[in-house]
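Just one chain is shown here, as C-alpha cells, and it is the form predicted on its own.
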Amino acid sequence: MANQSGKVHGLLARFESPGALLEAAKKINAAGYKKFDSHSPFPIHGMDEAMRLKRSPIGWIAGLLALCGGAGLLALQWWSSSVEYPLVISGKPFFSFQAYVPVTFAGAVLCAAFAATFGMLMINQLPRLHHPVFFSDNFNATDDGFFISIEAGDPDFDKDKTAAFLKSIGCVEVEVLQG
C-alpha cells in the first residue's frame, strides 16, 4: 500500500486488459477529465484517439530547424566562397551550389535531429525525476499492468467521486496517490 500521509496527488486505477484500458480512457474523457494518463507495457492502438491527444508538434519543429540549419549552412558556404574569399577554380563560378549540397543536407539533418531531441524533452517536461504514480507500491506498468492515473489538479477531481467513477467503469482496484 502507498504512503498514507501527506498531500493527495491523484488516483491510480488498475485494469485487467488493454481493451479495458482503452474503453476506460474513452469513458474518462467523455466524463470531462482532462489531466489523466494511461500506463501500459506496450503501445495500445487507438489510445491517442481515446484520450483525444493532439498531434505532436515535433515534426514541425524538426522540419523548421532543418530548413533554417540548411539555409544557414548554404548561406555560410556562399558567403565564404563568393564574398569573403572569392577564388576561381577551373573556371567555375564563385557560387557553384552543387558542391555545397552534401554539407547543406548533412547540416539540415543534424539540426533536425537536435531539434527533435531537445523539442521532445521540452514538450514532455523531461527530465522529470519523480512523478506522483511513483508513490504507488502496486504500479507495475512495465510488467503486465494496465493503469490510468487521474491527477488531483484536474478541475473535475474529487477523491471519493472519482474513485467511485473509476470503479463503475470497470477498474480492478483504485489507489489514492499520497506523498
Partner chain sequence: MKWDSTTYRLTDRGRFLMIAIVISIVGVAASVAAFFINREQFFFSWLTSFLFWFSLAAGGLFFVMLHHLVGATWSVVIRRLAEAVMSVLPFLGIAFIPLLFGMHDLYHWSHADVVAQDELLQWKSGYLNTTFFVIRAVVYFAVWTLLTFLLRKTSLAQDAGHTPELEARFRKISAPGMVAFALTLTLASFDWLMSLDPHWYSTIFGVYVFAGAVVAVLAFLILAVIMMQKRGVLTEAVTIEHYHDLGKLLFAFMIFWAYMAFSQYFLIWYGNIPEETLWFLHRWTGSWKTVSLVLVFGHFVIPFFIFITRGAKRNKSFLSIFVIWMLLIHWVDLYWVVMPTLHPHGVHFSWIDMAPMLAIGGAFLARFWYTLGAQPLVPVGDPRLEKSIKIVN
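Positions refer to the first chain, counted from 1. Definition used throughout: the rigid core is the maximal C-alpha set that superposes within 1.5 Å between two forms. Because the structure is predicted, anything quoted here is derived from the model rather than measured.
Same protein, other form: the form predicted together with its partner chain, not shown, and the subject of what follows.
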**Report entry** in the predicted bound form, Val83 touching its partner chain (heavy atom, 4.5 Å)
**Finding:** no
Query raised in the report: Arg55 near its partner chain in the predicted bound form, any heavy atom under 4.5 Å?
Result: yes
Report task. Would you please decide whether Trp79 lies within 4.5 angstroms of its partner chain in the predicted bound form, comparing each non-hydrogen atom pair? Result -> no
**Report entry** Partner contact for His45 in the predicted bound form: its partner chain, 4.5 angstroms, heavy atom
**Finding:** yes
Requested in this report: Please state whether every one of the three residues Lys92, Ser96 and Phe105 places a non-hydrogen atom within 4.5 angstroms of its partner chain in the predicted bound form.
Outcome: yes
Requested in this report: For Pro102, decide whether the Cα shift between the shown form and the other one is 2 Å or greater, given a superposition on the rigid core.
Outcome: no
